[in-house]
Structures are given as C-alpha cells and as structure tokens.
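Let's start with one chain on its own, the form predicted on its own, as structure tokens.
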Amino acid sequence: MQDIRFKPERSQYVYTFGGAEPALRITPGTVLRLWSEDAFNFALRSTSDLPDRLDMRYVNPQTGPFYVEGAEPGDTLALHIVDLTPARGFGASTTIPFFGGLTGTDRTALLQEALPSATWIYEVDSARQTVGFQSRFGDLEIALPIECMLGTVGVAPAAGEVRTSLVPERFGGNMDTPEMKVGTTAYLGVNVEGAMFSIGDGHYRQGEGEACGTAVEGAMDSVIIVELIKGSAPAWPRLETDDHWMVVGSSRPMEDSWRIAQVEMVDWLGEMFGLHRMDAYQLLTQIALAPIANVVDANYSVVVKVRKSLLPSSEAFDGMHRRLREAAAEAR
C-alpha cells in the first residue's frame, strides 16, 4: 500500500474540476495524507477582513487533481475518509452581500438591502475539540464541538467540461454535506481517464443547509484511502457509512435535487436487493431521510439516506466500504 503525503504550493491550487494537469499519479489502494487551504484562500484572518473584497476567481482552492492509474470512464472511484483534523488554530465564516439562503441573490432578485459584509472568527480549542462562536453584534459566546467535513470532493466531469470548484453536480464537487466526514466512503463515477479527483473546502463544522453560505471554513489535514472499482459507475455520488447508504443530488430548484437523489436511491435499492423499481420506490417512501446539504451553492444539494438496520443484510459494491474500514485502522 502506497502512503503519500502531499501539501500543495500556493501555485499548485486548482479552482476547477476538469481542465487541470494532475498533481500526482497514484495507484489504487494508496493512502493520501493531504493538506488543503480554506475556502477563502487564507484571505480572512480577522473580523476586519471582509468577504466582499474577495477575488472570486480564487476561492474554494482544491488539492489535486490526482490521476488514478487504471481508472477509465464507467468505473467507480471509492474514496474513504480516514481522518480529518483542523490544520489551523481558527476558522472563519461570513455573511456576503446578496449571497446565502435567506437573502436576495443574483438569481432570486428582491427589492431589499444587501446583507452586511461581515466576518466571524472561530478559535479552535484542540484540547477540548471545540470551535468558539463569538457574536459580532452582542456578547454571546458558545463553544461548539468540532465536527470536521470536506465541503468539496469530486472528479473531472464528462465531455471535456471544466466546472468551477464552487458548483456541485453529478461529478461531486462542492456538495457541502456534513455526511462527508470521517468514516464515510464516497463512490463517484469516473468520467475521464485517471478519474482526476480533487478535495478541499474543509469545514470545522457546518449545519445542514449551510444557510448563510459559509461554514466554519478552515485549512484541513485529511487522510484518504483511494480505491477503484471496475465498472458499476453510479450516475450521482453515493456515500456509505457503517449505518447508512446515501445519495447526493445537486440541481435547481431544490426539489429536483431531492428527485435526483430519490431516483438514484430507488435504483441502488433495486441493485442491492433485487427489487422491482416500483417496490423499491414504495419501500423508500417509508424509510428515507432527506437532509439538505446546501441551499446556497450554484446548485443546491440534497442527501437521501437509508438506515441499514431497517433492511436485510447486504453489502454495496461487493463490500468495498467494509474493506476500506479495515484498511483505515492500519492507515491512521
């Protein structure tokens, strides 16, 4: 098993999925120990640094892309998150004029004043494993548990497309789901030779929906095991933990994101349990959970998840998640 440590130089950051040369070529089974910059590209370091001054060409920097030997279109890339650790002593969050879930935007045009451009700094307490909320317009302080996740995980899109790292779609990308956490295996359909996957947009914590448009954004140390499954490419990103199977749909309007994930989960249940599509649809209607991942990105993302304990014992992708969990115990 290869074990590779990679921290990109600033000149090596990428801001798209597709269109970039590989940072490294790796083989399936590789353990990657990666560092990624925060979504603001380290531009917001205090409450006096304001987000309306950001250069939007250089936000959401990605670490990668990585060329996986043997990966071909139609294959499935399996990425297992072994560990996520804050790589900096603080994280930052913001409100940005005409951006977020509870304001008028360029797409939802309203006759109202813009939200203020403001920055919140969350200090990391590593010993207590908390980040500190401090109100900007009052005196409240709260220590919140660190719950690290990766906002962005994706492969190069199909058909030669180059997509900004701000968008989620069927190739993954900026899905911003708290389910992309330690212990999760992400399954992504390969669209180009080598898969060309990247990760980034570390969050020290985030509520479902990411309502104001930014989480507690921070640089991240990530440990990820990369595996390849020949064939069986899912149409949309699938996730697996010890307790749940999940699908992420990303589109606008939000109900279409939900529909995408529902249809993909209907098909996945059919594959695993040999169900007729109408039986899978009926079953899913009674057992599905549907947390909102984000309501702020270029596309909105909705997760549809099913609790494994409600269903007969089964293993997706021939037990890949179980094998990766075993490998993760050795990789820590």
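Heads up: residue numbers just count along the shown sequence, starting at 1. Throughout, rigid core stands for the largest set of C-alpha atoms superposing within 1.5 Å between the two forms. Bear in mind the structure is a predicted one, so any value in this text is a computation, not a measurement.
There is another form of this protein, the form predicted in complex with a further copy of the same chain, and it is not shown here; the text below is about that form.
The stretch from 119-127, 75-83, 225-233, 181-189 that comes within 4.5 Å of a further copy of the same chain in the predicted complex, counting heavy atoms only, is 119-127. This chain appears without its partner; in the predicted complex, the one residue of V302, L34, V68, L44 with a heavy atom within 4.5 Å of a further copy of the same chain is V302. Contact annotation for E240: none of its heavy atoms lies within 4.5 Å of a further copy of the same chain in the predicted complex. When a further copy of the same chain is considered in the predicted complex, A87 lies well away from it, no heavy atom lying within 4.5 Å. Mapping the unseen interface onto this chain, H276 counts among the residues with a heavy atom inside 4.5 Å of a further copy of the same chain in the predicted complex. The closest non-hydrogen atom of P291 lies within 4.5 Å of a further copy of the same chain in the predicted complex. If you take 206-234 and check each residue for a heavy atom within 4.5 Å of a further copy of the same chain in the predicted complex, you get Q206, G207, E208, G209, E210, A211, C212, T214, A215, V216, in sequence order. In the core-superposed comparison between this form and the one not shown, L140 has its Cα shifted by less than 2 Å.
Relative to the superposed core, Q112 shifts its CA atom by 2 Å or more between this form and the one not shown.
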